[in-house]
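Okay, here we've got a single chain as structure tokens, the form predicted alone, with questions on binding and movement later.
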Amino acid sequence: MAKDAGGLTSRAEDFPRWYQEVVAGAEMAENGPVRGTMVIRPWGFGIWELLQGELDRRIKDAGAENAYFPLFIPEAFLGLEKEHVEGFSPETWVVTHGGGKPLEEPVVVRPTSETVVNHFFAKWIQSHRDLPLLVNQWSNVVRWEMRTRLFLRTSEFLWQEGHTAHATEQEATDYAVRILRDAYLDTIESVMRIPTFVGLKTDRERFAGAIRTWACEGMMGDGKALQLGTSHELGQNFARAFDIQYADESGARSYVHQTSWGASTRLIGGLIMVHGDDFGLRLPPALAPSQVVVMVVRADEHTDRASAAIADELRSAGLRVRIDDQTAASFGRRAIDWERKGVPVRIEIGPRDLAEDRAVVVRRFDRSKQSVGLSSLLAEVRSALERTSAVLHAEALAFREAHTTSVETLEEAVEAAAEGFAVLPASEVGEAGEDTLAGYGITVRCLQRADGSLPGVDEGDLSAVVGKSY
């Protein structure tokens, strides 16, 4: 099997194997001791922390506040919303013993928190003055998975899940769409630099218990789709099940209208598969735990002082910088390790460079090298980071456009989906068409208006984006 200079399988030859090798080689995560669990190592968790911070800020800008709800849910709660429970029952983990004894009532480990959240919403919402109620939590959830893959599909994963209650259906619709656009789409496009289709899910693909689901869909480096975030309009389904009512100004009581929405550590898997190359991960600067690594070629007193001064200057400019002075290891091995981790910029400095007041700047996105005067180093690094962000998005967009085909029939869609996405009139799909596509392992990723805009309640003339997915 073909390997690159750094020892990775090429993406073209075996994309799944390449993905696993990048996750391991970049020291991002590894399998936990219990089947389906994942240990997120510091480099991977550092990416998650930065991504979490970006998304959390946007969620709060939309008015939601963070809270926390229990990991364990009484089994009886899951009997209150039939469609939701049926959608998740094959995935639930159930605890039957505690303290060495059988429990009087088994408890479910949360696969998602709609039921427990709505138990408390019923207590907290009494009046129109309690609305809208906008709550988000950062937590873990646990779902049974037959086939697991780190970050993409594990039995336990990290995520955020938002839950809101509103006085009217229109307010709920508007908020679900706002979260999709202002929180998820903006983070995915402007921070992760992943071009994204946004649209409405079909009834077959919507969230269990929702009346509408909107989603962000990205194309990975093998042409498959990955769902990156979803926002659901729940209608009054849970409100009726949990008796969540409010009194309006006249005293009349009505059921609330609700939304829920979530994004998970699956985003990191998407980041790897969209931007990675045959040499490893390539990180957008906004999500790099270290945006710059200063590599000491050969340690001596003069070089150590210079590398520390360079790092201090860059940190003072607001950059995340690490010094690699582990010269007991070979320089080539260290360079490959940082390349595999996807650090956007390397600065290589040794005695000969310092003798000329220069350093070598290496840009990860194209692996180019340039000798730069020390006085111009900060400007060159800033330029390289800006260029990295722009190039990663441009390359991903060009790849998606090259692998997205407009077609008119299901037969053409099946053929096109072998290489990427097909876009066709939604009227050509329907339930029967979804059955046909499913026979080829193809699903409708989302429905869009013909002009590419996001459909709302008034669906109008729609096109369907279809493809194979993770």
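Remember, predicted model here, so these are calculated numbers, not experimental data. One-based numbering along the sequence shown.
In what follows, reference is made to the form predicted in complex with the RNA, a form of this protein that is not presented.
Of the stretches 187-195, 101-109, 336-344, 118-126, only 336-344 has residues with a heavy atom within 4.5 Å of the RNA in the predicted bound form. Proximity of G7, T154 and R298 to the RNA in the predicted bound form is complete: all three residues have a non-hydrogen atom within 4.5 angstroms. Residue G332 is the only one of G332, G373, G79, G318 with a heavy atom lying within 4.5 Å of the RNA in the predicted bound form. The partner is absent here; in the predicted bound form, the one residue of R305, R367, R253, H97 having a heavy atom within 4.5 Å of the RNA is R367. Taking non-hydrogen atoms only, M146 approaches the RNA to within 4.5 angstroms in the predicted bound form. Using a 4.5 angstroms limit between non-hydrogen atoms, D174 is distant from the RNA in the predicted bound form. Taking non-hydrogen atoms only, R57 never approaches the RNA to within 4.5 angstroms in the predicted bound form.
Within 4.5 Å of some heavy atom of the RNA in the predicted bound form lies at least one heavy atom of P351.
In this stretch, 31-48, the one residue having a heavy atom within 4.5 Å of the RNA in the predicted bound form is R35; the partner itself is omitted from this view.
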